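Shown below, as structure tokens, is a lone chain in the form predicted alone; questions about how it binds or moves come after it.
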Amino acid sequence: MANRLRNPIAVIIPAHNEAAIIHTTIKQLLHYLPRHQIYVVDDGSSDGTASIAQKLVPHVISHAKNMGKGAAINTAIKRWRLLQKYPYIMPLDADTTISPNFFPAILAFFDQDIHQNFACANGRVVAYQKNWITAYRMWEYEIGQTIHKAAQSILGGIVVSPGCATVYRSSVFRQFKFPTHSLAEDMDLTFTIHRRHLGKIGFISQAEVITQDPSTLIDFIHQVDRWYTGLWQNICKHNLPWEGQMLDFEIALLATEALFSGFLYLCLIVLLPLSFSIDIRLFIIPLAIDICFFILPTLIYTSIRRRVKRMIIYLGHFYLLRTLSSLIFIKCFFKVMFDQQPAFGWFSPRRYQLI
């Protein structure tokens, strides 16, 4: 058992119907933190989540009904006066496992930030490997963080601080509450930190957490749809990409690339029935280039780094999920941008306001 770290971090676990996993999550967390630094908010659960948590930690409170992750975090901060007690706060998803190196690496990072230039620090998210869907997510995390997030960290334009792997300075929550009005609260908070110039966002690659990801295709589709809808909501809310920050550049680059890929996949699907009447090389050559110069090298890299030998056999499955994700991205773009509800949408009667 690792030595428990007595440090100034309060961990908040918002939990809705997590009876199956909350015991394991807290017990594992107790290896590194004293129990009084762990705060659980039972967000309207109906499965006994609160009673399980109360047997392990002293700080447990329940909402009468499900109010959402952001509201649960805000309840914990206010109820236990965490801003007055701790310099750092970590909201933690109930299905996340912390690695032994997480807290030491994060605290070392903040200790070196003597001028307090950084508002928060992100760790690396790793996925459990169960089947072809979780293998895809493992590959997606590895490449996204190794390439995109590392570059965003250097440029000062990190797009999202994941809810399972981010430690914030308490001063962030003295300025505003955790967002509650979008489907991607973590991204909403990240954009707000950029927009209000509250500080930089760091990425500490060696500080790892392991998270549970969807293992069925239906759950995968629902998660991706929620993520992409939340992305476009926050693009509208924070007036991206029109304010000249590095965040605007990153979002413009990523969104343009994703929209182009989505429309490209859509065109290929439409043209597929015509493939036998036109030059088949129009399909084979781009596919071969993509496989040889991107998919295979990154699959091999992820397989070696995460010690998952079977990942290479999922090559065909990965193309299916990439195509599906791209089409969902386009769908969410149109769903949000042309939404006539007052909540969001570029062409809606009223735009989001920062709260």
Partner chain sequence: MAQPLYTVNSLSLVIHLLVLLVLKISDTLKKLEHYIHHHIGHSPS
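Note that the structure is a prediction, hence the values are computed from the model and not measured. Positions refer to the first chain, counted from 1.
Below, we turn to the form predicted in complex with the partner chain, even though it does not appear here.
Colleague: Hey, in the predicted bound form, is H148 touching the partner chain, heavy atoms inside 4.5 Å?
Modeller: Judged by the heavy-atom cut-off of 4.5 Å, H148 is in contact with the partner chain in the predicted bound form.
Colleague: May I ask you to state whether S261 is within 4.5 Å of the partner chain in the predicted bound form, using heavy atom distances?
Modeller: Contact check for S261: yes, within 4.5 Å of the partner chain in the predicted bound form.
Colleague: Should L254 be classed as touching the partner chain in the predicted bound form when contacts are defined as heavy atoms within 4.5 Å?
Modeller: Looking in the predicted bound form, residue contacts with the partner chain include L254, since a heavy atom lies within 4.5 Å.
Colleague: Though only this chain appears here, would G163 touch the partner chain in the predicted bound form if you measure heavy atom gaps against 4.5 Å?
Modeller: Flag for G163 set to yes.
Colleague: Pick from 150-158, 167-175, 76-84, 106-114: which stretch has a heavy atom within 4.5 Å of the partner chain in the predicted bound form?
Modeller: Contact criterion met by 150-158 only.
Colleague: Exactly one of E208, D95, D225, E250 has a non-hydrogen atom within 4.5 Å of the partner chain in the predicted bound form; which residue is it?
Modeller: Selected residue: E250.
Colleague: Find the only residue in I133, A119, I143, L240 having a heavy atom within 4.5 Å of the partner chain in the predicted bound form.
Modeller: The residue in contact is I143.
Colleague: May I ask you to list the residues of 300-336 that have any heavy atom within 4.5 angstroms of the partner chain in the predicted bound form, in sequence order?
Modeller: R322, S325, S326, F329, in sequence order.
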